[in-house]
Ligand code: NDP
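Encoded as structure tokens, the following chain is the form predicted on its own, with no partner shown.
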Amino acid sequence: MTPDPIHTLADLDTWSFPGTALAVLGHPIKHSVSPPMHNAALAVMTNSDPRFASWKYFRFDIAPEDLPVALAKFHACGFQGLNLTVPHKIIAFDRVAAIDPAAQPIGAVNTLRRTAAGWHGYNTDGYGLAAAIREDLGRELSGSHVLLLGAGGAARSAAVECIQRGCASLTILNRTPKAMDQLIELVSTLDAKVPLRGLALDDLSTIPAGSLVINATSAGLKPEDPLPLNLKSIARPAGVYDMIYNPPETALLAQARALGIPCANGLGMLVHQGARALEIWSGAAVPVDAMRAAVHSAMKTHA
């Protein structure tokens, strides 16, 4: 199957797609599996609602410095919705007409819906994380002791979701104390009832047994990356969720499997955040199974 072409900012100057257009924006964007995932869902949705036959999802390589101009052009071209990847999520936050209240504390948006006044921004990452942990690990963020690894953009959405869903406690572990302190300050205003703390790497003995470990760092993207956490150094966790989905098994997940700890990679999060975005754009029920199957197929192609 021939992959969809990669479009650029220049293509918007002559854009003439007759149907309803959606797109993912990134830099780079070559390995994104969002187009086959969304287009597979739209094909299934067409069976019950013919209007989706004219919907199509594209991919655009947009440099960060070009994003403000690009957002205006996408709106002028009539795109119904956009997905944003790093670093566009943060750049777009102050450049859209409105922000969904749930996305406000995150300070980043990954989904934009077209309105007459401009783009309305949402963040579906936290929803995707919670849904994937429920599906893949059989656990809820609500009532769980959570150990969150990292303090960057991915960790921010995870931390906000954990607090908003009423986790039993949230412990943040990060190699850079400043970033960790900034994240703690950000989420501390959301719910004072949830115990919240930062932890140094040499102080792991106080982590509750049965915690849910969530890796929101980039450690694991490369084979030579060190473990973001040695699972043997903490009381046995109830599960490990790694937001990374490519490679499908990071060193952290390999260690979890070796120790017999339930674990999962970030593929489910990718699917569920995408499904929620498509719901926002379409207002219709979305076939998650079709999206999941398309992602697995696309991942094999990219392997």
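Just so it is clear, the model here is predicted, and its values are computed rather than measured. The first residue of the shown sequence is 1; numbering continues from there.
Unshown form predicted together with this ligand; subsequent notes refer to it.
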**Request:** Counting only non-hydrogen atoms, choose the one of 169-177, 95-103, 186-194, 68-76 that falls within 4.5 Å of this ligand in the predicted complex.
**Result:** 169-177
**this ligand: the contacting residue among A117, L221, A200, A209 in the predicted complex [heavy atom, 4.5 Å]** = L221
**Message:** Under a 4.5 angstroms heavy atom criterion, identify the one residue in L270, V240, A277, A41 near this ligand in the predicted complex.
**Reply:** L270
**Prompt:** According to a 4.5 angstroms non-hydrogen atom cut-off, is T217 in contact with this ligand in the predicted complex?
**Reply:** yes
**Request:** Would you check, heavy atoms only and a 4.5 Å threshold, whether G81 touches this ligand in the predicted complex?
**Result:** no
**Contact flag, A159 vs this ligand in the predicted complex, heavy atom cut 4.5 Å** = no
**Asked** Does K89 make contact with this ligand in the predicted complex, using a 4.5 Å heavy atom cut-off?
**Response** yes
**Members of 110-140 lying within 4.5 angstroms of this ligand, judged by heavy atom, in the predicted complex** = D125
